[in-house]
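Okay, so here's just one chain, in structure tokens, the form predicted on its own.
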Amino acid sequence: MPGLTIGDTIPDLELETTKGKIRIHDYVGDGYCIIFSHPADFTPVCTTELGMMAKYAPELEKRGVKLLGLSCDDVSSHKEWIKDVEAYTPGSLVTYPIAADPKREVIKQLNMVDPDEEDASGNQLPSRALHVVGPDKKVKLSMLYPASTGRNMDEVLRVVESLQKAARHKVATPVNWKPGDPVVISPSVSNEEAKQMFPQGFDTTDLPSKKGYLRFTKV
């Protein structure tokens, strides 16, 4: 479906959550925020995901990243569901807010509708969507999974690290990159600029074209 995508400003919606009312822009603040939706409360894959989000929350916090969940059920249902989530993933407390959207209005504005998933009444449900929102309140990355496929939190953490490195330095992360691996220098950076920007040095890969565009460094 058309709608919110990378580069768009996230709508500044007021949400009812398990932590009270919040406005999205105020909640994002000067850091990053991961907004992620779930098809419904008390469903198996979602229960495993929320617990793993809670487990990874301290690592994300170190990187200035907040979490904001979303499900179509109401706040009282969310609070009961959290008990199951915490029981399934012992030691991982759900300290992040989970927004309610019983009228299915928020999921439409955040482009989180799954056209193939409906509840017993025929109402559309959220997809397993995830937006990473930056300090400028713009969507930096989106992931969209069907209800049948749970997300990989190692991948979520990896892409957050990649986004933040790209924002701080003129670099990008190559295929299968993991935190700690070398990054590539943007083609917009000349070799002379690269020497100043990356005093630790960089390696240029020798390719048949001899264009010298594939330059690796560590940041």
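Remember, predicted model here, so these are calculated numbers, not experimental data. All residue numbers are counted from 1 along the displayed sequence.
A second form of this protein, the form predicted together with a further copy of the same chain, is not displayed here; the remarks below concern that form.
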Residue contact check: Glu192 to a further copy of the same chain in the model of the complex, 4.5 Å heavy atom: no
Exercise: Val159 in contact with a further copy of the same chain in the model of the complex, heavy atom 4.5 Å: yes
Close approach of His78 to a further copy of the same chain in the model of the complex, 4.5 Å, heavy atom: no
Residue contact check: Asn111 to a further copy of the same chain in the model of the complex, 4.5 Å heavy atom: yes
Residues within stretch 187-201 having a non-hydrogen atom within 4.5 Å of a further copy of the same chain in the model of the complex: Pro187
